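Form predicted alone, single chain, as structure tokens, below.
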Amino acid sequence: MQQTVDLVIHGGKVVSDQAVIEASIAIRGQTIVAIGSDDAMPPATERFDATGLHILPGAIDSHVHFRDPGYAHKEDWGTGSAAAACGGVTTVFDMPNTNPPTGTLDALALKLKNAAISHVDYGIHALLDEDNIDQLEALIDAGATSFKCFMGNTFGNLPAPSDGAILEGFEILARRGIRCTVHAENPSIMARRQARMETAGRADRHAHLAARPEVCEIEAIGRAIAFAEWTGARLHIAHHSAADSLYLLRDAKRRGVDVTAETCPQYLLLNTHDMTRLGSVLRVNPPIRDERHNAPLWDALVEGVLDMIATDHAPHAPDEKTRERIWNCDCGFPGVETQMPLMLTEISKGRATIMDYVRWSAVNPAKAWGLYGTKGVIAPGAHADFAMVDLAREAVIANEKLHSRSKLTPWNARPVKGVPIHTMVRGRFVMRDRELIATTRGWGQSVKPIQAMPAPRPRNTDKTMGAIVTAGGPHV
């Protein structure tokens, strides 16, 4: 006699990165126990009819700024995770440029405490900076899932660490198999160009792009790849924005460097024409670029040079985004709730397949952060994390409907086709019939890699920092 399960979802089409199949899903507790024909499902306490819906693995957004602690007037874990849940996102990775920055054990403990109200599961990117290299392993042991290194300036004004500190940090993370995200822009070029423009009196909406040309990204990505290849560290490039630097990723992957990269809907779908229209609302780092970048970034995503979709969800209060001088306007805007409908709209236009989207939004992020098997896949033994979407449903994105504390998006009034209707995290609905389930506040849990990830073999096999330190003196 078959053991009763808690829930059977039937009538839907289950989507992987390889196929779309009509199947039912049986869930016991927080995990999937069976997938197959409905008549093969075990008896269930509850059955849920998903007829007309495609069931996707819940999206994993590995780049959000939930702003808490320190900037809760912009966002907190309650509002940010509510936006994620209503956007079909079941796991997020939060960035460390909060106040205090997540670069110490105390700051990590505070971040984890504040995150306990989350509706969705979460990972924490701890900070890699000039002064905390000796704490990286302790941060891993205390619950940091990964790290972020700000090679270029962005919100929070965290100084870029020296190349020596980055290299040493990569050596440590390589030994632990931990991936490090980099914000890849060259700070000295940007600072000098912005200072020159401010001196000349330029503060218009296009000045931000002029201060951060493509070469800033090209140089920083090349430098990060060189350090990762030399040390064997796992590297992730955040918010890839420029066509000009894609060759660096192609070449590095061909050489076997473990480098992954994300892009965001804003770099695929917007350009300087939209900057002319929207002004400071669209100020973001890296900047929105010329139209010539859009198609190559799409091609790179389809080809696999770019691995995943993230959002760089970065909310601010409206008055912080609409100041007269572009230099005084905070960078970023909310995105975790709008990513899925924006991308599904492009799927409906034939730009890629729904299987491609699952690969970008769930499979590849799960693999990059060591979660695949538990997250990113609909299979027995995996968490029951789903976004159930209606690919035919049309809607219009509206500022006032956002669940984020920030109600200012460049996507306002944009029509979409394909929206998440229900979201489940570990077997529990956190959104149902397009409505947030308020009682799931606090349901989210901190994620952990399901197994240790051995690091690639570094090139510097004889002269690591560890060898230098343990030798007790200079090693040449």
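All values reported here derive from a predicted model rather than from experimental measurement. Counting begins at 1, following the sequence as shown.
Just so you know, the form predicted together with a small molecule exists too; it's not on screen, but the next bit is about it.
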item	value
Selected contact from Cys331, Leu167, Leu270, Ile225, since only one has a non-hydrogen atom within 4.5 angstroms of the small molecule in the model of the complex	Cys331
Residue (of Thr79, Asn364, Thr154, Thr145) lying close to the small molecule in the model of the complex, criterion heavy atoms within 4.5 Å	Thr154
Contact of His422 with the small molecule in the model of the complex (heavy atom, 4.5 Å)	no
Interface membership of His383, the small molecule in the model of the complex, 4.5 Å heavy atom rule	no
is_contact(Arg289, the small molecule) in the model of the complex, heavy atom dist at most 4.5 Å	no
Touches the small molecule in the model of the complex: Asp312 (any heavy atom, 4.5 Å)	yes
Proximity to the small molecule in the model of the complex (heavy atom, within 4.5 Å), stretch among 281-289, 100-108, 302-310, 398-406	281-289
